[in-house]
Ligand SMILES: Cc1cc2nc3c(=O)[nH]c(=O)nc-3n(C[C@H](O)[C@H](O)[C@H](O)COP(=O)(O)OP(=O)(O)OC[C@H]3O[C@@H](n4cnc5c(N)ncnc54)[C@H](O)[C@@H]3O)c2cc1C
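Okay, here we've got a single chain as structure tokens, the form predicted alone, with questions on binding and movement later.
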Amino acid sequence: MKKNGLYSKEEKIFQDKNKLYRAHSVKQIAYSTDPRDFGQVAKSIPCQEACPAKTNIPGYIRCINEKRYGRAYELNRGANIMPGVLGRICSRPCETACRHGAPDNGVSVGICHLKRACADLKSPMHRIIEGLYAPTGKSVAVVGSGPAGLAAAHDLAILGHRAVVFETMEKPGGMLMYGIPEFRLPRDLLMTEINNILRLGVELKTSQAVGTHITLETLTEEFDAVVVAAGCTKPRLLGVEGEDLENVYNGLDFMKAVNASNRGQTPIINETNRQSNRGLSPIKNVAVIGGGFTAVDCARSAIRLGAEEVALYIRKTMDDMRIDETEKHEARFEGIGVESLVQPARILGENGRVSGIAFVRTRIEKTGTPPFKKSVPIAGSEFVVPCDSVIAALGQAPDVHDVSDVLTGLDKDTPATGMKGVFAAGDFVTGSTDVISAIAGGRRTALAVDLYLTAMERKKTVVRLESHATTDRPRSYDFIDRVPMNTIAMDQRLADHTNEVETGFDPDQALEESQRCYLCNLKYEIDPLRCIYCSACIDVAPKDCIKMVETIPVNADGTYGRYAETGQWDKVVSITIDNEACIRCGQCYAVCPMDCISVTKTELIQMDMDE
């Protein structure tokens, strides 16, 4: 008999301490492409829906809870390619969406820290699993070895294509290698995860700038397809007087100089550099313009390289900064000031060198379009801040002409371009985003290239449904405080600018944090044909998650709409569990006298179409 979309198997009932439990002799598993199932997963698992790569977050957290670190790593790697990297530098959209962080639910789960934990705690002999396809005989050139290019090359290699990556710089990684400081992302870890991609047969050619050393047109002649994932390399300028003075840097170039330098040869704020810099006075005060991750990285790097005073200057408020709370805390802890509601008016100089920067105050105005507010300068509010270095970290934009003057048809909604066989991925198409978005874009582009080369859809996203016992997660887990990340002391941070600040969780800490996850991939359902409307489930529910409804509308896309609730018993057509509000405590399941509540584990997976 079919029940709740699954095919039933023989069940047995056994008694344990006067309580009935259902145990399936054979697990019920089904694969669905029904829009209702996709809609349910999107609404019920907000962390996964918020992740651009659609990482199975509840799945890997549960594996950490079971101390299956290798399996947790594989669940991560199957979606985001580099778990150890992203466990350190991800922008964490999942945590913003986490149901545990909703009002009255506490603080969001440390999802990113747990991602790092599975990478740190897995066995050093862990065997990475790849579902390799047979060779196709097709070749693809990938322009750029940043997150999008690496993700595209990885998936293309798995799909059986020969992937060759062309990188302008001496080392692979793009922004991961040159844009992020080593105290946040150790380079040995980065190279390990890059080598996990290259070992699939991906060929890497460094110091090869497409557009300079080799043309895009040549690549289209030599390869069956080309993926352009050149990222964002054109810095946004302040557009103020004095921007051409000595010691005015853009954020990306500053971080490149820090990350590409040898110890003792770091840029601007270093004793060796001071002595060789025409005998000029030591640099003391650094003004960093911008409120994103790069701006904070520049400020924290400047502190490590010897600056006496560093401050961030932002147009809006700290609440509007495009970084997570951890980064804000670490910046303040390291002594970096933040001056909000200001914007630069001009940079002052003496003898061709920065001597200060003039700002004007700003105020916030509401707007009718996202982000629904803007900063407006206040007339007559100018003031001057003395400084001897300015870092403008305003972000970057893609530079299409760096790659080719004939590349056309870039559209963030499709990987294809205006050139036959040429595709684009990541920030080169969308503009500056974050690492996880770039990886997701690279993977989408790889599938588009595969379809172009083979004329077959060889992978398809489906919802995997598996029968499941009720959660064994006690209600007391809801009240566990978030486990703070371990960090090194201030003297260790300043001793060497490459020392990693965060040191990760130990197994006990990872276990405790994993217990906080609600396991939102478990779907609780009430069988309306067996329910006797006793309301026992409603009475024990700790949240308003069990509804008396009179209709459940269906949206135009086939997904379920909002429940139409009612308080009148004569209008009730069903008692339904709202999985958007459910915290998976299992109390309704335990109290139901009719045994009419079932639990299904739901997972988004990529299915090979030949299975």
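Start at 1 and count along the sequence shown; that's the residue number. Keep in mind it's a predicted model, so treat the numbers as computed, not measured.
The next section is about a form of this same protein that is not shown, the form predicted together with this ligand.
Student: Counting any heavy atom within 4.5 Å as contact, can you tell me which stretch out of 125-133, 83-91, 383-391, 153-161 lines this ligand in the predicted complex?
Tutor: Going through the listed ranges, the match is 83-91.
Student: Is this ligand close enough to Leu245, Val286 and Gln343 in the predicted complex that each of the three has a heavy atom within 4.5 Å of it?
Tutor: The answer is no; none of Leu245, Val286 and Gln343 reaches this ligand.
Student: Check Leu75 for me: does it contact this ligand in the predicted complex (non-hydrogen atoms, 4.5 angstroms)?
Tutor: Close contact is absent here: in the predicted complex, Leu75 is far from this ligand, nothing within 4.5 Å, heavy atoms only.
Student: Give a yes or no for Arg71: in the predicted complex, does one of its heavy atoms lie within 4.5 Å of a heavy atom belonging to this ligand?
Tutor: Judged by the heavy-atom cut-off of 4.5 Å, Arg71 is well away from this ligand in the predicted complex.
Student: Taking 4.5 angstroms as the cut-off for heavy atoms, does Thr294 touch this ligand in the predicted complex?
Tutor: Yes, Thr294 sits close enough to this ligand in the predicted complex that at least one of its heavy atoms falls within 4.5 Å.
Student: Would Arg315 show up as a contact with this ligand in the predicted complex if we use heavy atoms at 4.5 Å?
Tutor: Arg315 lies outside the contact set for this ligand.
Student: Please tell me which of Ile194, Met175, Ala119, Ala299 lies within 4.5 Å of this ligand in the predicted complex, judged by heavy atoms.
Tutor: In short, Met175.
Student: Only one of Thr433, Ser139, Ser375, Gln509 has a non-hydrogen atom within 4.5 angstroms of this ligand in the predicted complex; which is it?
Tutor: Of the listed residues, the single hit is Thr433.
Student: Judged by heavy atom distances of 4.5 Å or less, which residues of 128-160 approach this ligand in the predicted complex?
Tutor: Stretch hits, in order: Val143, Gly144, Ser145, Gly146, Pro147, Ala148, Gly149.
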